[in-house]
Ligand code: TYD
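Next comes just one chain, in structure tokens: the form predicted alone.
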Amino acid sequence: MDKPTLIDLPKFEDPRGNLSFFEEFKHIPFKIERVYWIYDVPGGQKRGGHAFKMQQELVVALSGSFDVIVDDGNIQERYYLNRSYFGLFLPAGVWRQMENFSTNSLALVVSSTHFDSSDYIFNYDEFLKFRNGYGKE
């Protein structure tokens, strides 16, 4: 996968409560190296606002809802995540931002890499240069 993709995760319905899951290389196209979650986001705040040179991610709204805005330098798309059985795959090299968090929302992010501050691109102009082949490492 080389573009943002909404992945329909397995869902097992049960009167006692539903169950969903994902497995590396089966439902997501990478080995899981890190997992983190975003919660208690104050109203009106945004998260993200950066791109990664190498890191790929899967974002799941475990609770509540939020928007993920994805930009490849040419096209901007908005994904509304509000179901825990959908995951948004984000390849490396796309700008992403999360906003419109509902009360008590919980975003789960699964990453293909360990944390590395040098992998982040925080400046949008630098991101565009990276997308156009300048500054690739």
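Residue indices: 1-based, along the sequence shown. In this text, all values refer to a predicted model and were calculated from it rather than measured experimentally.
Another form, the form predicted in complex with ligand TYD, is not on view; read the next lines as being about it.
Between ligand TYD and the residues I38, V94, L88, I28, the one pair within 4.5 Å by heavy atoms in the predicted complex involves I38. Residue-level contacts in the predicted complex: of F21, F12, F115, Y124, one residue has a heavy atom within 4.5 Å of ligand TYD, and it is F115. Of the heavy atoms in G64, none are within 4.5 Å of ligand TYD in the predicted complex.
Contact check for G73: no non-hydrogen atom falls within 4.5 Å of ligand TYD in the predicted complex.
Residue contact check for R83: none of its heavy atoms lie within 4.5 Å of ligand TYD in the predicted complex. Though the partner is left out of this view, K53 does not reach within 4.5 Å of ligand TYD in the predicted complex, counting heavy atoms only. Scanning 40-64 for heavy atoms within 4.5 Å of ligand TYD in the predicted complex gives R47, G48, H50 in sequence order.
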